[in-house]
Each structure stands twice: as structure tokens, then as C-alpha cells.
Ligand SMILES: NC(=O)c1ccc[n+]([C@@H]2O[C@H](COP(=O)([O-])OP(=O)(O)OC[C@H]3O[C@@H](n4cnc5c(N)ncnc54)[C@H](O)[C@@H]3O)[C@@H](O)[C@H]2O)c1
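Presented as C-alpha cells, the chain that follows is alone, the form predicted alone.
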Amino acid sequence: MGNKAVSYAGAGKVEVIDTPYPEFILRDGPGVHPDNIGRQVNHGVIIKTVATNICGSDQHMVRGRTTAPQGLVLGHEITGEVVEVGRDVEFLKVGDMISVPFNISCGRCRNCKVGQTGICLNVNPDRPGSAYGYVDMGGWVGGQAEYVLVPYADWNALKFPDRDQAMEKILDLAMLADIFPTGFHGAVGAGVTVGSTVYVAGAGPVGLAAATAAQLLGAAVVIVGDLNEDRLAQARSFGCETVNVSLGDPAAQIEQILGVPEVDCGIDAVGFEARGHGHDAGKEQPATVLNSLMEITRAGGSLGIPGLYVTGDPGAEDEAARVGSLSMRFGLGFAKSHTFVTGQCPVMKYNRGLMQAILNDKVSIAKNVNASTISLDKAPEGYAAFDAGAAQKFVLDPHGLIRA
């Protein structure tokens, strides 16, 4: 059986390729860690992909800002139907519809047992933490494909209660693999609760998901900052206040909204490709969001940092940033007793509750992030539009099941 997939073809390029149909073993291929080659995956399932999304984290690789090898099959936001079940799987069956957390975890190690599934110790020989289709994450094959292998499936998969109900809300449920839990993690890390004032840096899909999460958690005011007016308009469409940081530092604009130049909770949904404010707008400054958030978050407040920061950025403009070293005003954060919450979101901590919120009409995440369905063969156009700043979350539909 064939299997079309989206692969990284060099800086600025992706292409749709023919790739092998998954087996219950991890074969050699682009990005696969040598120690993972030949790894038996009898605890896995193979799924027919119903929805798989283009993510800003994928875009970092496609821009050539990581050490991703050419030919790497991309994609870590996966929703699908089980079509084959491994020998050791007990609780899933063919026909089940599942959401797949982007972090791969074993369910057995010390970290998994306390819910730290973003830093599983057993799935990536290089470092704690793993993901599908991502550089330095062990080489598990990506999910922007017609069919995907999901390891440790009894543990990793979130089964939807009813197939027909799931298909009715498939665009919302597709956000459970990554951006909705990731945005929610950012809001929780920032300490958002009833009555909080919140500033979200970045109006891309994760920022909009974080803003949605802040509203769900009871925030009094959610302010979203960005350089892109189309994305800011998307934030306003579901009740957020907005700040255009190209007009200057956000503090003065926040004061116009709140009466004070600070918020209770700050969320960084931008990460290492951050760009400056005001007259520096458009110039890359990887620490600018973190420094800004320390300035505008009240003393004693918290910073949730779901935006991606990397240990290796070959495209950075200075030597320090190429190894993830930033010119960060940590002394300011210390003086204000800030709490910083960083790292991959442990998706399994949040996805079941967020699924229930979706299924019971408590939230419309697909509408808020402007989810737009395209076919798998249109993935290169989707990547190009997203890179150009489109205010959309592109959902690939490999088998035409969403459109049907």
C-alpha cells in the first residue's frame, strides 16, 4: 500500500513524496537516531490520518532554522482512525478515532509516571522528550501523511467517545494534538484564573489558542500583541483586545486598555524567531519577547512560555543565539519575583478535559484560530501562505474525509 507524505526538501521548500507504508518497527530514514533503528513497536497502532496540521514549529525547520535533514517527513499534529493494531495493544481497536499527542511518551519512565510526558526518558536516545517528524526527537516518522505509526498507543492515544460526533467537530478536535493544549499550558503556566489580566505575545495559532484558553480559564481581559494586522483582527474576532507592537513597546498600549502598564499574566507564544518592537520592528531579536514580558508582567506574576526555544539555530544572526544563548534581562525577572514555566506542553495533562469542552460546546477553538482545510498535495502552498503570515491554521485532509 502506498503512503504519500510531506517532507522537508531544504530551506524554504517542502514537497509531497511517496514514502513507505508504516510497519510495527522503526526503520532507518532521514533523522532517525541510530539507536532507534530496528526498534520494535508492537505496542503501536497504524492510523489512517483524518486531519494533520501545519504548525509554526514545522515552519522553523522549513525556514532552515534547525539542523533538520532533507527528506524528513514532517508533522506532529495528528488525528485519525485506527486501521491496524499491534500485537501488544490491549485497549484500542480498528475503527477507533483518536487524537495523538505531539509528544511521544512511553508511560513507563519516571517522568511519564508523574505526568511529565513532554520529557519522556525512553523514546529519544539524544535527550528527554520526543515528537513525530521533528529534528533531534528520535526520528519517529511525521504525521503529515496518509498513514502514521503511533507507538505506545494504549498510553498515547486519546480515544473519541463517538465517531459521528467526532467528525462533526473534527476541526476543533484536530487542535487537541498540539496547539490547544500548548496554548492552555501557556495560560496555566502564566497563572491565569478568574479575573486575571493577560497579555499574549504572538497572534499565530498558538497565541490565539492561548488567548482562547485564558478566556476559558476566566480571564477578565485578554490582550494579544503582534506585528501582523490580519492576525490581530482574528484575535479581536473572539473578544480579545489587541496591541500592534510595530507601533512601539506594548506597555503604553496596555495602559490605554487597562489604566496601568502591566498585566497579571504574560504568555510568550512567539519563541526564538522573535522580532523587535517599534523602530526595531522586523529586526530579529530572539530575547525581545521575554524581556518585554518581564517589563509588563506585575511583580509576583508568572510567565508561561509555550513559544519554542532551541539549543541549535544555525540561522541566527549572532553566535550566542546559534546555541540558544539569549541576551535576556533575567535580573529584572529576579527582581520582580517572576515565575517562568517553559518546555514542551505535556499534552496528556490537558487533552481529555479540552476534548470535553469541545464536545459540550464550551469552546470553538477551530473558529478562533481560523482553521482552514486543504488537501495533502496543497501542503507546499499552505506552508508558503503560513510563512507569509496568513491568519489561518492549515489542516491537511489526506483522504478527503473532512471535506466529505
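Just so it is clear, the model here is predicted, and its values are computed rather than measured. We number the residues from 1 along the sequence you see.
Omitted from view is the form predicted in complex with the named molecule, to which the following refers.
- With a 4.5 Å cutoff on heavy atoms, G202 counts as touching the named molecule in the predicted bound form.
- A residue is said to contact a partner when one of its heavy atoms sits within 4.5 Å of a partner heavy atom; L149 fails this definition for the named molecule in the predicted bound form, lying far away.
- With a 4.5 Å cutoff on heavy atoms, L308 counts as touching the named molecule in the predicted bound form.
- Remark: Q234 does not count among the residues lining the named molecule in the predicted bound form, judged by a heavy atom distance of 4.5 Å or less.
- From the list 375-383, 355-363, 39-47, 341-349, the contact stretch for the named molecule in the predicted bound form under a 4.5 Å heavy atom rule is 341-349.
- Shown here without its partner, the chain carries H60, F102 and A269, all of which come within 4.5 Å of the named molecule in the predicted bound form through at least one heavy atom.
- In terms of contact with the named molecule in the predicted bound form, the residue from A153, V289, L303, L74 that brings a heavy atom within 4.5 Å is V289.
- For the options G138, G80, G142, G207, the residue carrying a heavy atom within 4.5 angstroms of the named molecule in the predicted bound form is G207.
- Residues from 41-56 that approach the named molecule in the predicted bound form with a non-hydrogen atom closer than or equal to 4.5 Å are C55, G56, in the order they occur in the chain.
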